[in-house]
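Next up: a single chain in structure tokens, the form predicted alone.
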């Protein structure tokens, strides 16, 4: 004999009911079958709604009642085509009784727990009757047995307690003489010893099946639902979640208690002592393996078996100095909640005895506060304790696993991974058995928390990075293309799953939490929503994705001004924009402090030398205990390109125009040619060396003509280059006469920095610097005479994009 249970979704439509019938028909070829069914999906909620409407004198209850009738009649018609008349007639009688009950509730303006149980019983009675009668019409050997005649309870309405002695005897006596191959029984419903209709609590259909399975000592209980077993976590929130093949009773109960809706927690109790396995299977995929719950868990190698959560939690805090060392506070607190029939989901108390925190259903919060404040009215008046503090919009997340107690560092991994993603923990609870570690967090952080923990404990060490890029011009476009090209490589070789979740230019922006399709991102962006800097920040923050990185590929001061906001939300910042790191020293230090405080990256390698590892090398020197004595560098690829291509046969204007066209200069070339860009770069290196310095502290000797320095616009500036050609030819002629090359040099010596155009002799390392190359020479205590030299391309869209990409990858490798 086998016991099967089918939930509301499994019997929620004619199509699904046909699947159920096919499964029962196949099973009955070899065994006698007892099948417990829930109400048609959503009907129990509609019954409760109709009852509440009637109680509140809302005439809309009539329409809700009609909707319930229409749903059942439609299912009957689809299942039985033209042969369902007799079924409809009987169902109509039951629905008329339902309407009369609702009319009575409306008239007396009251819905007691006893009446509520009678009301919701209609759901299972109707579904079991419809399924059984349909099977009879198809010639199957089936009987519908009312479980209210078998399961006897006390009179604790809405969640009655089973009298197992009477119930077990009833079940055993009935099935010992039953000759039918298939028995359909309604789940959830029962009767008290006084003959009153009772229910076993929401989810009680599972319980009904377990009661029957235990009474008959069957070999296995099968729970059929709409998912293929118990998953490592909620698959609706975590796409990488997968079914758990085997799990222990204790682990299943913990996961069910903390929100895994596949199984109703009390279900386990009747079968636990008899070691009857529970097999969770999928009605829509009957061949899927599913999950087996038993004590024989040979696959229990992973310390964490699942991650679950309960939503809509309120946290109650009872605190006060008058609690310390005084016995009885906990007793009075819990007695108060018990008297109000308020279930406590989580408890935590500080060892100082100064406070007790309780997690309860949010719907009970106001009732709990009123009751507790009344209980402790005297102590509150004497200022011994504070009025109860209520926090809402919370959720409990829980790690569950029998083997967690044998593995060190589980809680450390849990809390550190949550902390890195700015998920604040309001309370923590862990039992001595160490099978469950629970934490209370904001409801809005649940999806990010579940994904973060699942990645930490269940995925093959693949780290997902969610990138939000603003500025998709020349460099930004190259970065997107590089990401598109290398995504597969990163996932396979570096275990980094890199997704571009947001893109923005000065006009439009797009977001996709599953990752933007990079094959047509330009078309998507062109039709995206209107963009502002604040709206892009709000969009990034509201998605609340783990390991989020904001990438600034602009030279915009306002964008740089938002870095602090991103960092405070635990969103990392990767930037080629030099403005933030060369802004006021206090702002620079603030960004550094925020990066440390919120444990998120703030990386700006491309601020100096584009893709060259200059800042990273400098950081490694400092971190290893070395000290910078001086820095000599050519830090402007654009200026190096200009002076390498400028001579007495070219015009300065033409060379600058060419540099701008090839993307070596900023959109406003005055930033490069005025020396401001180079000054910012040496300032950043000075600061990264540990010096307190601002931009005005750097000596900048300009080489531009006075007219060029005073120009009001880019167009005016270009005109001065034409007009002042003789000025620039004079600079070139002076260097040529001495056998020198013109190089724009940055220097840092004895705590002082300068930038200027210099005539470099042929024996100097800077002399043969070609094209757009940069070079940096670090003189340190360890490199006092022969400097550490870094040299290579220091400008261009490709290398700058690759430098940004390298910073993003560095985040993934941390």
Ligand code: ASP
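Keep in mind the model is a prediction, meaning the values are calculated, not measured. Residue numbers count along the first chain shown, from 1.
Although it is not shown, the form predicted in complex with the named molecule is what the next lines describe.
So the named molecule isn't shown here. In the predicted bound form, which residue out of 758, 53, 747, 44 has a non-hydrogen atom within 4.5 Å of it? Only one listed residue qualifies here, and that residue is 44.
Residue among 637, 270, 204, 186 with a heavy atom within 4.5 Å of the named molecule in the predicted bound form: Contact check passes for 204.
Can you pick the stretch from 65 to 73, 35 to 43, 777 to 785, 748 to 756 whose heavy atoms fall within 4.5 Å of the named molecule in the predicted bound form? Residues of 35 to 43 come within 4.5 Å of the partner.
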